[in-house]
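The data below hold one chain only, encoded as structure tokens and taken in the form predicted alone.
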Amino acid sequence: MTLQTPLHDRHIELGARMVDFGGWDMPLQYGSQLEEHHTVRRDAGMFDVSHMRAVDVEGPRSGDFLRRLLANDVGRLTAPGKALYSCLLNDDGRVLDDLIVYFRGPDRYRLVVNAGTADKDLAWIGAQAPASGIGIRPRGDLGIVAVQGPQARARVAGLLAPAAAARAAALAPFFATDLDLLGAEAFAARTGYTGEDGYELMVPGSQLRALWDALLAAGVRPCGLGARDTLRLEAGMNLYGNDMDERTTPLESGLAWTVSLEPGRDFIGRRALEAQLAAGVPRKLVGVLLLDKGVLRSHQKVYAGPAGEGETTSGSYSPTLERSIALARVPAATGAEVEVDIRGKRLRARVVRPPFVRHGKAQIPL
């Protein structure tokens, strides 16, 4: 039996098409996926992402613990509310999950991990934790709504009292703050997964429907997983299980920027990554823009000439660019053009550097 978020019945009432996503019954779309995509790029849309798991890590040794646990360095987090994107690695340097960690104050952090890996993540984190000095608390009591788009912050501001609105307005990208939202204690983060501005709002699950309906009344359109996927792909953001997993390292997944190798900090997987760097990283994750007519999907073979062969990891039609795009893992020596096998035909494609789209505008030459 699939799991349900606190908004499940509301999705049904709104006519959503529901699908099984990582063991959760989630809305794929409410009507036109294309219109939902454009709404986020041009106005404001909202996503129920309550299937993702917030985990509070607290205690006098929590900072040192997370510095060892994560490939990125939480020691960089000194301002309350600052967020950091990182990978959770195993001893072989391969990706168990990607996550965001928020610094809430001395010895207080909040992680947000992916739904499909949450139980595995919690087991791994618990196994690495010292016997004392660390409290690990999954926050199953919280729901999360992502409000995204050029008008997202203004729509949320309209729901806030003046003091809370001022705090939200002052929030810099990749920061979070606690504020009162419709009488509920909310954790508002200026983060997202679409390449647009906005917030990810965490509130008690019992108050999630009131927030959803208030946003709906304010003109924010409900959007499903289908639009979320094309938006994140245009933004060049990895999807765990597609673009990286336990078979790949961050260095071959376009995530080298999330690995902090400064001297003086040991973290799980560091030695394996250093060995891979010394030997030469054999593969890389690139963007691909199809030049011929066709649709890119995941798991299509990529021919990189003398460099060898690779495979698309995520692919779709880009509603913003009106072109077919993909992320692909290819040999490190891959050049500027490749061919992709689509239904037995080798079609031409150009290698580009993601993101494809950011803030509604193309970031690559077409």
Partner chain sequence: MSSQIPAELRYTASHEWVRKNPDGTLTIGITDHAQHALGDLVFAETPEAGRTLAAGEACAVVESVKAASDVYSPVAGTVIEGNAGLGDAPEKINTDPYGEGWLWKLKPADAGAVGGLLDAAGYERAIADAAE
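Numbering follows the first chain given and starts at 1. Owing to the predicted nature of the structure, the values given are computational and were not obtained by experimental measurement.
Note that the form predicted together with the partner chain isn't included here; everything after this is about it.
Point to revise | Any non-hydrogen atom of Gln29 within 4.5 angstroms of the partner chain in the predicted complex | key: Yes, Gln29 sits close enough to the partner chain in the predicted complex that at least one of its heavy atoms falls within 4.5 Å.
Check your understanding: So, in the predicted complex, is Ala333 in contact with the partner chain at a 4.5 angstroms heavy atom limit?
Key -> Outside the cut-off, so no.
Point to revise | Contact test in the predicted complex: Thr320 vs the partner chain, heavy atoms, 4.5 Å | key: Thr320 lies outside the contact set for the partner chain.
Point to revise | is_contact(Asn72, the partner chain) in the predicted complex, heavy atom dist at most 4.5 Å | key: Answer no; every heavy atom of Asn72 is more than 4.5 Å from the partner chain in the predicted complex.
Exercise for review: Report the stretch among 49 to 57, 302 to 310, 30 to 38, 64 to 72 that approaches the partner chain in the predicted complex to within 4.5 Å, counting heavy atoms only.
Suggested key: Answer to the contact question: 30 to 38.
**Study point:** Heavy atom within 4.5 Å of the partner chain in the predicted complex - the one residue of Ala172, Leu216, Ala275, Val295 that qualifies
**Key:** Result of the distance check: Val295.
**Study point:** Residue (of Thr249, Thr117, Asn238, Thr230) lying close to the partner chain in the predicted complex, criterion heavy atoms within 4.5 Å
**Key:** Among Thr249, Thr117, Asn238, Thr230, a heavy atom within 4.5 Å of the partner chain in the predicted complex occurs only for Thr230.
Exercise for review: At a 4.5 angstroms cut-off on non-hydrogen atoms, which residues of 313 to 350 are near the partner chain in the predicted complex? List them in order.
Suggested key: Ser316, Tyr317, Arg343, Lys345 sit within 4.5 Å of the partner.
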